[in-house]
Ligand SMILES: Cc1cc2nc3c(=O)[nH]c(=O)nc-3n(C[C@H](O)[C@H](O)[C@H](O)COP(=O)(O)OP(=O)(O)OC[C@H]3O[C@@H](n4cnc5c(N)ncnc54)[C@H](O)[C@@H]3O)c2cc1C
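In structure tokens, one chain follows: the form predicted on its own.
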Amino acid sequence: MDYTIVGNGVAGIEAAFKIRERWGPEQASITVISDETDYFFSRTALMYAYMNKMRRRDLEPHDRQAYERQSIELVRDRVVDIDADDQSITLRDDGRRDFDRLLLAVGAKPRMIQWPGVDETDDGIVHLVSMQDLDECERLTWTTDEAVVVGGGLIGVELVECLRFHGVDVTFLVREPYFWPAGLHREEGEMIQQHIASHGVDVRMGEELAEVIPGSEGRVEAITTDTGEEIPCQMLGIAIGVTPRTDWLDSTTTPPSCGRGIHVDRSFQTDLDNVWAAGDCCEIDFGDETRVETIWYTAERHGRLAGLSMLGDDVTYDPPVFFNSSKFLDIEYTTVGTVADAPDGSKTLFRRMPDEEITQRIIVDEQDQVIGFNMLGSRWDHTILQQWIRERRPLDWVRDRLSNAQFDVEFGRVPLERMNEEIRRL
């Protein structure tokens, strides 16, 4: 049985390892194809390579001999055609290959808008999603004094931090009235906004990119905003989200059904026989809704389950209680469950430590059962917070035990008794 996996991100590699757990090389051949890098790397760590805190080799979670030990063939190439009827793919450089079962784990690409001037700008517009993006950022940084970053989310603030690390003056354009309403409430968003500004960043809330101005040699020279102001820059970072990488499938012999992503059922099967999809590129049908989950942690889970499904196991994907963790420059961030999109009638317990950038937000539903957490400025064990949500614990019960979910860190725990507390209806 030949298992072919397109994409060597976390979903693709997790699927490959899961298949190999079941079948040895005598029973199954496994081929992983990607044109981005030779080996799987942790995409969430790109910023640390950009800031010289990690070598590129350190971004790889597995030793390079792991693939050889498990008889997983890695191919550096691009798939340009899929013929599911013939059970074959065509590679750009290496021609036709047959498969018995195929997984599309091709990830997502940066979202882009065709602002005026973009098509005339040949150089200086960057993202921070792929290894090639990192190459471009590093190439340009040494000849950049001023940069503009557009987009107030996690990737945007990472790019801002990297540029400031290298001494670049940064203007940060965020179209929302406060930082990242998709993930934060106003109190936390305004706190993060002020924290970013304290690092020497010109943060512009409620201001948008209007036009890109290239110089005589095609590199970005300036931009204008919707207020009419012109801001000089030699790098323009676009961080307005990602979108599933599916456009190339339209020209294939047998394209799978696609909407926002590649349509799959809860076993990650597409509408094509013997073809699966997983990770950031897929759109999962839950019956009453479809969902695209562009989070590293969920892609990891997708890959493992898709591998089992390709093996013939009975798989039904149930999304776990959502969580994510990151940093806003120096501020730790943990979010679990339902927060920014809490249903009507929910209440929130909000705490902030006086004179410090430390906050806690706990969301409860109309039955007083905890449904979400947003924790900033301290480190938390998301598995405990997830468990409390699954167990539908009441607010008072959680508040009394909240310290149990804190990690011990170098400088000790946050003294919860010093937190100012307010409960309000959302």
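For every residue, the number given is its place in the sequence shown, counted from 1. Just so it is clear, the model here is predicted, and its values are computed rather than measured.
Although not depicted, the form predicted together with the named molecule is the subject of the following passage.
At least one heavy atom of residue 106 is located within 4.5 Å of the named molecule in the model of the complex. At a distance threshold of 4.5 angstroms between non-hydrogen atoms, residue 34 is in contact with the named molecule in the model of the complex. In the model of the complex, the named molecule sits beyond 4.5 Å of every heavy atom of residue 29. In the model of the complex, the named molecule lies within 4.5 Å of some heavy atom of residue 324. Although the partner is absent from the chain shown here, 8, 77 and 155 each have a heavy atom within 4.5 Å of the named molecule in the model of the complex. Exactly one of the stretches 167 to 175, 313 to 321, 126 to 134, 207 to 215 approaches the named molecule in the model of the complex with heavy atoms within 4.5 Å, and it is 126 to 134. Scanning 253, 294, 88, 225 against the named molecule in the model of the complex with a 4.5 Å heavy atom cut-off leaves one residue, 294.
The partner is absent here, but in the model of the complex a heavy atom of 245, alone among 245, 111, 347, 97, sits within 4.5 Å of the named molecule.
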